[in-house]
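Shown here is one chain on its own, the form predicted on its own, set out as structure tokens.
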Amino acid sequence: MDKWEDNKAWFLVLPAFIIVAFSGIIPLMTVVNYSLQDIFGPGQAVFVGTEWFKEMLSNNRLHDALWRQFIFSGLVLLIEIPLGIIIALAMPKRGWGVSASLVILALPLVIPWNVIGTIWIIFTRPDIGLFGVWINGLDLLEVPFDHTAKPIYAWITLMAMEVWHWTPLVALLAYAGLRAIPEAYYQAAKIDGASAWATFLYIQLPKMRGVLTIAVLLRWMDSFLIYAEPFALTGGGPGNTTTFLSIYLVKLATMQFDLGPAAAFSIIYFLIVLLFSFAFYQALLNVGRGDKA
């Protein structure tokens, strides 16, 4: 009877679960339907089976977009995770500085994603942008800095924008993990004469492992699904050098109006995201088991 009483709480979330499942399954089944047909117009379609999947899997432009996506997401993790930890370690632990630091860190996170791209377009413009005018005024570059002119400049601007926008999330998660460490651990480390590096390596980092795994999961998946910021900033250019998977999918579906290939590609995209989500979830579970042990 007690077990039944405990499980009754599931009935409270059942309506929300049904609504979410309903709103997710119907669009997914529509996409699956489109991926198996060649659509000529309203009510005009021919069943083609897995033809679009074969075409997409052998599509060189998709392969290029996938490699760009992996490189971008990998760079995001390599920069944002260490930088977020450093910021969290430097934040004050008590006093008014804690509230001020948290508010300042949270500011980039509350700006709409499409506005972020516009901000950085203005910021890096070579004629009126603060950064663009400053960097070009130093006369250190052979070609004036303009993120629309050279791929390397586009990537630098895109990475700077992404790091500025999302590193605060990593820092806030890391800070929460640091604040959860009991003071007794630090006192024991001080008595043992442990250095700051030893304290970080053997106390702080292991205790932050759970929140850092969450940070890695969130940042990897969000960067893998990124669309609004690079589309507003570069539109996928110059050329196709910043055309990631999401931008390629939108161009395929809305600009070329290839609904069948776009639907097949979106399912492939979904399976890639699902695979990595599962892998990171398993890693999170293993970290949790390791902490309990």
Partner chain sequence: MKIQKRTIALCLYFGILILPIYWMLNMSLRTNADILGDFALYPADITFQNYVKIFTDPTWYTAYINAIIYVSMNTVMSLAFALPAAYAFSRFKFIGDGQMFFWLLTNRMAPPAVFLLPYLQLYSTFKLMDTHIAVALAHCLFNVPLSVWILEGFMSGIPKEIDETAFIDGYSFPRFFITIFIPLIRAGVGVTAFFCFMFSWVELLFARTLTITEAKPIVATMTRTISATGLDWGLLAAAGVLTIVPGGLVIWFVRNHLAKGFALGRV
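Small disclaimer: the values here were computed from a predicted structure and weren't measured. Residue numbers count along the first chain shown, from 1.
Another form exists, predicted in complex with the partner chain; not displayed. Remarks below refer to it.
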Margin query: Looking at heavy atoms inside 4.5 Å, which stretch does the partner chain contact in the predicted complex, given the options 185-193, 150-158, 81-89, 137-145?
Written below: 81-89
Check: Which pick from 181, 198, 221, 205 sits with a heavy atom within 4.5 Å of the partner chain in the predicted complex?
Finding: 221
Margin query: Is it true that 103, 129 and 253, all three, sit within 4.5 Å of the partner chain in the predicted complex, judged by heavy atoms?
Written below: yes
Notebook entry, point to check: Is residue 72 close enough to touch the partner chain in the predicted complex, meaning at least one heavy atom pair within 4.5 Å?
Noted result: no
Notebook entry, point to check: So, in the predicted complex, is residue 77 in contact with the partner chain at a 4.5 angstroms heavy atom limit?
Noted result: no
Next item on the list: Report whether the minimum heavy atom distance between residue 27 and the partner chain in the predicted complex is within 4.5 Å.
Entry: yes
Checklist line | Contact of residue 273 with the partner chain in the predicted complex (heavy atom, 4.5 Å) | finding: yes
Check: Along 89-124, which positions have a non-hydrogen atom within 4.5 Å of the partner chain in the predicted complex?
Finding: 89, 90, 91, 92, 93, 99, 101, 102, 103, 104, 105, 106, 107, 108, 109, 110, 111, 112, 113, 114, 115, 118, 119, 120, 121, 122, 123
